[in-house]
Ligand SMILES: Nc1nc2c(ncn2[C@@H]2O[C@H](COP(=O)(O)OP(=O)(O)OP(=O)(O)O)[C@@H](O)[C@H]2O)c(=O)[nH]1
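Presented below, as structure tokens, is a lone chain in the form predicted alone.
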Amino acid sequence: MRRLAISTLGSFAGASSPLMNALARCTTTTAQTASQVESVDTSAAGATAQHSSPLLNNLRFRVEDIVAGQTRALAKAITMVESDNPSHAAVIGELLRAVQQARKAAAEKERTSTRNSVVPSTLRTVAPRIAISGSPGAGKSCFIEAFGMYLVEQNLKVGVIAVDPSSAVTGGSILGDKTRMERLSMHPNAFVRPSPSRGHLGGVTARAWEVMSLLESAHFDVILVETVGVGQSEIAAKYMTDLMILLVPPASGDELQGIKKGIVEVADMILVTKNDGERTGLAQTTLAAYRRAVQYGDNCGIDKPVLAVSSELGTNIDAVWAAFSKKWRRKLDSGELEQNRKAQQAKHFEAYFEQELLRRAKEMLAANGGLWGSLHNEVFSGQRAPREAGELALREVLRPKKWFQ
């Protein structure tokens, strides 16, 4: 029976969950299979205090349904979290807080129910957040399909956030990556959510952190984040996930190109894709080039596996999971993962504050006799220098009375 991987940032101990069992099988041949435990019925978790906040009373889903892993409720919650409607901001904050409390209550109930069991009570663990990044056409969606199917066959529950670029002209997104994951998207142990980037830089969405938190609350064992096609310096995904896998297609550059790419420096693993058919020779040449390139990095590239895979044939997919498992276990046992998650929470707070501060400052200036539009027109016509107009806008926004009216 699949055991839940209940995520709490305060508890990073090892667990006898499907995830940890799968990791153990990859990292050691002497590990013994842990005792089986019954799944916890989180739908009855008492701390949901269903909609203790009036703001949540009108939602069309229940918080406990999210924690119970019901995909319909999860999908509706993600839609709410991704909303840019300013009136939803307070509701989203209350929703995330309520989900976190419900998740903690479910973890406490599980701990209590197993207190007298031979199974250790430290059953809680975090779900790995893995960023899958690479240039357009590198094979990200096809790899996630193959990798995700491998994981669900290991009895793991997989959540996928597929970020699709938004048009700079129309603002729309095709959201077509899910069509490349036909088998995975239909599997009962998988949930694939396409999301538009909406112009957010760095390869991910502005709300990716909250969406990952909801997926963890719904007890997904592994969370995969597919970024948009990225270049050399778009590394935002690295700083909101636990590990980053960079995909490079055959003939994607020589050794020098690998050294130049900033994204190669921060990636935890590099995979040369399309290692099949007539492309095998090119893939092997690229593999050798990137293995040489990572030697110029930290620890001479010892901690950065470079593998060649074929999503079409399923070649080396198990080796990717084994290499990931080794790095994940090291981060988990050393406490590095816990520190990274705390730093990411603080970073997300700063990013949200900056984003909302800018939005509300523009609204304030627009409401103040159209000052924002006037300054914009003066800069456009050359009447004011950009810095001068910026200083005027800042002085107006930072006037104390503006914040206390």
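Values in this document were obtained by computation on a predicted structure and should not be read as measured data. For every residue, the number given is its place in the sequence shown, counted from 1.
Absent from the display: the form predicted together with this ligand. The rest refers to it.
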property: Interface residue in the predicted complex among 303, 108, 312, 318, criterion: non-hydrogen atom within 4.5 angstroms of this ligand; result: 312
property: The unique member of 140, 129, 103, 157 whose heavy atoms fall within 4.5 Å of this ligand in the predicted complex; result: 140
property: Stretch in contact in the predicted complex with this ligand, which is absent here, among 149-157, 74-82, 269-277, 215-223 (heavy atoms within 4.5 Å); result: 269-277
property: Interface membership of residue 135, this ligand in the predicted complex, 4.5 Å heavy atom rule; result: yes
property: Interface membership of residue 331, this ligand in the predicted complex, 4.5 Å heavy atom rule; result: no
property: Heavy atom of residue 190 within 4.5 Å of this ligand in the predicted complex; result: no
property: Touches this ligand in the predicted complex: residue 327 (any heavy atom, 4.5 Å); result: no
